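Here's a solo chain for you in structure tokens, the form predicted alone.
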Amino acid sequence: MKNLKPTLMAALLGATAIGMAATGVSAKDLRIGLQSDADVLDPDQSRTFVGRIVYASMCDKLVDITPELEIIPQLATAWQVSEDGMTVTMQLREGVVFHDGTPFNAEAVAANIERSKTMDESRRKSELSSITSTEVTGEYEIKLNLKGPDATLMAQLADRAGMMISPTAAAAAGADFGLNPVCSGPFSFEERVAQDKIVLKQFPDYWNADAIAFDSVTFLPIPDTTVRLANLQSGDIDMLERLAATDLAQANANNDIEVASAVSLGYQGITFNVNNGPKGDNPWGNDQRLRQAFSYAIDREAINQVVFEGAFAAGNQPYPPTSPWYDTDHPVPARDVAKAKALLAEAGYPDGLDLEVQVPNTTVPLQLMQVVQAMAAEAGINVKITSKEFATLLADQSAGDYTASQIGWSGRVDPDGNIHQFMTTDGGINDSHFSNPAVDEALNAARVAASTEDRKAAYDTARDILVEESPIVYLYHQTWIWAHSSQLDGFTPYPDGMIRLEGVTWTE
């Protein structure tokens, strides 16, 4: 891909507040095309990938990552883990205020952690479950007391669990905070029109304001990938995320467009409802042999070639085969239609079975499911595709109003973020309501293991069970592909798929 620029230094400069002056035109509204609309703009309640993209411009975190996945300071400038692993003490950045003028300090961090852990609607509970209490040890210093060593905690704080929101605004709005979110990032919330746009305005009191070159940023949900690219070509948007692999050649041929990419940390797959409400009581939810049959009916390598022109990677686990956390005892299975039919027959369905799969109403997922539908049909599985707007799909999935759902996960720096909250009993995003005590034990052990080897062994133990149970049938691992105007400079692709605007400029 062309114009993949080594801009690590630009990112680090922005993240660490080393002074830099933006050199581009400042009176500019940056318009970014998203694949879908974000869900609620509350870091404790939300779960969409595009929501995280919006947060990257609006809500700073305690820590951030580099493109190489190192944990670096953001609102926390330093931290120390005690020798016994039972406490983490953080020093906080001074001179930071939230968009409503509320000062950022240790009391604000304590209030945020308390909210994440206790609010009924919070999806961050499992991510912060190791924190038993907080101690404000100074205006800009806080101690996190843990129930045991937690190898995942700093990585959790580099994402939504570490995003700091104004405690004043949070207390006033309660669960409705997402209607008017107040954080401390480079842009403040201005306006939202559902399914149309989210507008953020530059925050003049931002602690790293010199690194910001735009007056405002507008996020526009444009589900169709071809339409998204057409908008970029016409100049109606300045940047888009998730360029379709099939559009790569067209984008690369346009001298006014630059393309950037990064291998993602996440996965795409099919989530089955195994016990989430009355709809979990169905043949696919009740019999793991059917889910195994579905998996054997799919040719993952063919999907990568046909739908993604070979740009992605076939997968069967929450980590790609290139990851050190991948369990090589369970390689990506070859398609085996005969075995799929045999499993269907064993389960009592020798003549096949219907399967309704809900799918986001965007181009690529629909193309993917049409290919899956054709493959599954050869094994006797009649896939019925139900297309839904993404936020609706997520809401139905959370509520258990589905049988199977084509959905993925953008991935996290630590392996725990790709599996614990999906596969443990009462996990924050366990929409299957899958529950297995042995899996819980293994994944909880991985969080507190003393060595990388011990953690890997625990994840492998869980994998041995999950391959059989298959509450999620993993399909592939994507590559993030962005396209933007050649007038945009300084963009750095990150494996987490976020769009960080520190150090990004615009030239006429």
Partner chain sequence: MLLFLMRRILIAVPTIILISIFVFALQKLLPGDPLLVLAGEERDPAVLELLREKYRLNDPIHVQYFTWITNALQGDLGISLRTNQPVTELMLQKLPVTLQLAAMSMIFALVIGVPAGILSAYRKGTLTDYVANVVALSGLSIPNFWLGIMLILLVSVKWQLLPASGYVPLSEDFGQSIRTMLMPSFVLGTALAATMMRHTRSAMLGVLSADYVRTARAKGLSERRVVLKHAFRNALTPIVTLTALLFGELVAGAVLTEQIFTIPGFGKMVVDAVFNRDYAVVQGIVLVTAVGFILMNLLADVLYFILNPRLRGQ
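The structure displayed is predicted, hence computed values, not measured ones. Positions refer to the first chain, counted from 1. Each form is matched to the other, and the largest set of C-alpha atoms that superpose within 1.5 Å is called the rigid core.
The form predicted in complex with its partner chain is left out here; the points below concern that form.
K.L.:
How about D60 - does it come within 4.5 Å of its partner chain in the predicted complex, if we only consider non-hydrogen atoms?
P.N.:
No, no contact at 4.5 Å.
K.L.:
Check R123 for me: does it contact its partner chain in the predicted complex (non-hydrogen atoms, 4.5 angstroms)?
P.N.:
Contact with its partner chain, yes.
K.L.:
Can you tell me if E127 lies within 4.5 angstroms of its partner chain in the predicted complex, counting non-hydrogen atoms only?
P.N.:
It does: once its partner chain is placed as it appears in the predicted complex, E127 has a heavy atom within 4.5 Å of it.
K.L.:
Is R192 close to its partner chain in the predicted complex, meaning a heavy atom pair under 4.5 Å apart or at it?
P.N.:
Taking the distances in the predicted complex, the answer for R192 is yes, it comes within 4.5 Å of its partner chain.
K.L.:
Considering non-hydrogen atoms and a 4.5 Å limit, which listed residue (T322, S234, Q80, T328) is close to its partner chain in the predicted complex?
P.N.:
The option sitting close enough to the partner is S234.
K.L.:
State the residue from H433, K197, R335, K279 whose non-hydrogen atoms include one within 4.5 Å of its partner chain in the predicted complex.
P.N.:
Selected residue: K197.
K.L.:
Out of 447-455, 464-472, 61-69, 32-40, where are the residues with a heavy atom within 4.5 Å of its partner chain in the predicted complex?
P.N.:
Contact-bearing stretch, as computed: 32-40.
K.L.:
Each of A249, N316 and R500 having a non-hydrogen atom within 4.5 Å of its partner chain in the predicted complex: is that the case here?
P.N.:
Zero of three within 4.5 Å in the predicted complex.
K.L.:
Could you list which residues of 381-415 come within 4.5 Å of its partner chain in the predicted complex, counting heavy atoms only?
P.N.:
E389, A391, T392, L394, A395, Q397, S398, W409, S410, R412, in sequence order.
K.L.:
With a threshold of 2 Å on the C-alpha, tell me if P360 counts as moved between the shown form and the other one once the core is superposed.
P.N.:
It does shift by 2 Å or more.
K.L.:
Please state whether I472 has a C-alpha shift of 2 Å or more between the shown form and the other one, with the rigid core used for the fit.
P.N.:
Shift of 2 Å or more: yes.
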